[in-house]
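A lone chain, given as structure tokens: the form predicted on its own.
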Amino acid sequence: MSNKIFLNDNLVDIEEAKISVFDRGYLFSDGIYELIPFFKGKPFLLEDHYKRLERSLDMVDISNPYSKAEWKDKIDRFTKENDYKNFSLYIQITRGVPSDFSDGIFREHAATKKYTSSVTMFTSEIKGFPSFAPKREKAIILDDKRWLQCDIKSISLIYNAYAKTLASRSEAYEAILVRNNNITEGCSSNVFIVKDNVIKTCPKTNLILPGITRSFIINQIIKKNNYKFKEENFSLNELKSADEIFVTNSTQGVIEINKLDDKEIGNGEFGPISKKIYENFVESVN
């Protein structure tokens, strides 16, 4: 099953999957996506991920191609034969292909025609999670040059991909983004700092993607375990002077950042709060 993808209600070999070059997702990145983690074959926070999918579709005025019940049935049917124990399900929905080309117009910025959406799903194995201790990784710092509607899970990810590539070339896991001297998020993660035993992360605005794992860790781990916590903006200097830094995402849960550009964070050992939150998260998915 791992070599199959779901494409417009059909299961297709990955080598045979084809989408029209006139699909607006291809021409304009006119679409949204969602990524749902599965641990031990079970979806994690499926309802929350579905709500975000609906919200993103609504925010870009793309009609949902399926009902909620149809989505759940299609996801279940597609993933139940999956070969992996822990994996992510990628879902992409584009505005699609014009139903009529008789006017001879093959590409136009405005979505003025009737379109048939393109729906794609495929799975990827989640490797290295969960393990005994959280990963400790390097991050670099870059200016946040993305558009101002980062709360939409848009497939338009060119700057995210570019920044992540720069991070990879620096042997770093993540690029942490800064806008107007405030930290926003990572290219594919939300950012938390710890200073004097207080955990801080920036609030949900249009400048960050509302991470599902982020919300779970805040509401089900940080608050329930009575960690000291502030949801407010923090500066680049606060990031650099933090006692601990960790990032959260759907496929790895919690990753501690132990090096920022060329600066070591902390005392060279696992941050006690980052480690405990990771352990709390692992307990919740086991």
Ligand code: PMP
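Start at 1 and count along the sequence shown; that's the residue number. Keep in mind it's a predicted model, so treat the numbers as computed, not measured.
In what follows, reference is made to the form predicted in complex with the ligand, a form of this protein that is not presented.
- Stretch 208-216 is the answer when you ask which of 208-216, 86-94, 122-130, 135-143 has residues with heavy atoms within 4.5 Å of the ligand in the predicted complex.
- Residue C187 is the only one of V194, I183, A167, C187 with a heavy atom lying within 4.5 Å of the ligand in the predicted complex.
- Proximity to the ligand in the predicted complex, taken as a non-hydrogen atom within 4.5 angstroms, holds for one residue of S250, N258, S56, N233, which is S250.
- Contact with the ligand in the predicted complex, defined as a heavy atom within 4.5 Å, is made by none of K200, K204 and S274.
- Although the partner is absent from this view, S118 stays clear of the ligand in the predicted complex, with no non-hydrogen atom inside 4.5 angstroms.
- By the criterion of a heavy atom within 4.5 Å, T79 is excluded from the residues contacting the ligand in the predicted complex.
- The ligand in the predicted complex is not approached by Y227, whose heavy atoms all lie more than 4.5 angstroms from it.
- By the criterion of a heavy atom within 4.5 Å, F38 is excluded from the residues contacting the ligand in the predicted complex.
- In the predicted complex, H49, R52 are the residues of 47-64 with at least one heavy atom within 4.5 Å of the ligand, listed from first to last.
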